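Below sits a lone chain in structure tokens, taken as the form predicted on its own.
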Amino acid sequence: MNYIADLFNTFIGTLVDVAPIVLILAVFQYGVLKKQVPALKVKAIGLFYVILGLSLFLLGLEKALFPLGELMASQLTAYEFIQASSNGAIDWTSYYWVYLFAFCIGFSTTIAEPSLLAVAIKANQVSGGVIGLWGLRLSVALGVAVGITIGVYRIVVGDPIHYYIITGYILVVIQTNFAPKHIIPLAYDSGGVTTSTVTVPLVAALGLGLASTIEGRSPLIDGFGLIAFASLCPIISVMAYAQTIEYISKKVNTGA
């Protein structure tokens, strides 16, 4: 019965969150455009499914994914585990399981992001299939995975975060001058859609757990910042994906 009550409360909360969006759409549709919504009943049923789906999704995250992610992060970053894995003096190489976990969790949570899937579907439709659905999702997921891994390494070694961020954006500016023009806006947006419901809590838990267990690190100063890497690196990876596809296409056309 607790799960039913939790689902009901989550449903009500989601309904409250979605209500302003529906209100704005209704005001513009009937007040500004002064037109009826075609197939209103079908769209109302679809909206109900959206709210119910979001409620089930959020409840699943709260009951399963978040606790498991926090548990894994706390266990992997525990001093006892790191010491047992290092077989000697602890240095940045002793955290190889943490690096692997960071890469895998970054990749898998990005693939599961509903916002990225929605953007990929629309980009594929608008581009007439030029931008591949899975190509975009995999390139973004790879960027997030690499970014979070670099962010974890930064926490372990204690480097200032701004050195990495400045270097990353210098690379973005350089890439922007050479990447295909149609991919640049999508690449810049890709960094934002990845930092959503699934990715942020798990990544934040990993950063905070790591900063709490390493001597000399501050959870406030060093624990946060992983999301910045998760937002930056997909921009680089998506433009690199487009540049690679363009290069391969030119080689094929030249060979033909």
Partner chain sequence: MLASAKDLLPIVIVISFFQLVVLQQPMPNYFEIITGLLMVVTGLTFFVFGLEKALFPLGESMANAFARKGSVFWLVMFAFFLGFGTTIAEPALIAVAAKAGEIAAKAGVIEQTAESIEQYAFGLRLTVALSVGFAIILGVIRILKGWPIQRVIIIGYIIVVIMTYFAPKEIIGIAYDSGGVTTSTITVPLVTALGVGLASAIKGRNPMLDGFGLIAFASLLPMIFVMAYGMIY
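Everything numeric here is computed off the predicted structure, so don't read it as measured data. Positions refer to the first chain, counted from 1.
The discussion below concerns the form predicted together with its partner chain, not included here.
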(request) Check whether T93 has any heavy atom within 4.5 Å of a heavy atom of its partner chain in the predicted bound form, and answer yes or no. (result) no
(request) Verify the contact flag for F81: yes if a non-hydrogen atom of it lies within 4.5 Å of a non-hydrogen atom of its partner chain in the predicted bound form, no if not. (result) yes
(message) Within 4.5 Å, heavy atoms only: does L210 come near its partner chain in the predicted bound form?
(response) no
(request) May I ask you to check whether A118 falls inside a 4.5 Å heavy atom distance of its partner chain in the predicted bound form? (result) yes
(request) Scan 31-59 and note down the residues that get a heavy atom within 4.5 Å of its partner chain in the predicted bound form; none is a fine answer too. (result) V32, L33, K35, V37, V42, K43, G46, L47, Y49, V50, L52, G53, L54, L56, F57, L59
